[in-house]
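Next up is one chain by itself, shown in structure tokens, the form predicted alone.
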């Protein structure tokens, strides 16, 4: 199984969800609601095949073969 994450090939594990992927990419533990368990802010949005996945759905959204996943981090600046 192969997907694309931010333009790079990625091989999701069986049963891997958007929540698992985001937590691994950010190196931060996340609760089932997608909120960081460290109490900090996340500032991340995820789209799968160009459709935004609400944070509350990350734990129920399994990764699948051929998907295009974009993880976007908010950046502040001027």
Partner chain sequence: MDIRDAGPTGASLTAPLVIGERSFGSRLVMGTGGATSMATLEKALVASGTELTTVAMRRFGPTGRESLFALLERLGIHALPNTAGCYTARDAVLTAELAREALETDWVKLEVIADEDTLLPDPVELARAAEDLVGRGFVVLAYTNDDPALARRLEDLGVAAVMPAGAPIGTGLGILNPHNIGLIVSRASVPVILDAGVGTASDACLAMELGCDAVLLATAVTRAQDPVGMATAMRYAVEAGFRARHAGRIPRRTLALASSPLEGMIAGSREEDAL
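Positions refer to the first chain, counted from 1. Model, not experiment: these values are computed from the prediction.
This next part talks about the form predicted together with its partner chain, which is not shown.
The closest heavy atom approach of residue 16 to its partner chain in the model of the complex falls outside 4.5 Å. Although the partner is absent here, residue 6 sits close enough that one of its heavy atoms falls within 4.5 Å of its partner chain in the model of the complex.
Contact annotation for residue 73: at least one heavy atom lies within 4.5 Å of its partner chain in the model of the complex.
For residue 53, a non-hydrogen atom is located within 4.5 Å of its partner chain in the model of the complex, even though that partner is not displayed.
Contacts between 9 to 37 and its partner chain, taken as any heavy atom within 4.5 Å in the model of the complex, involve 25, 26.
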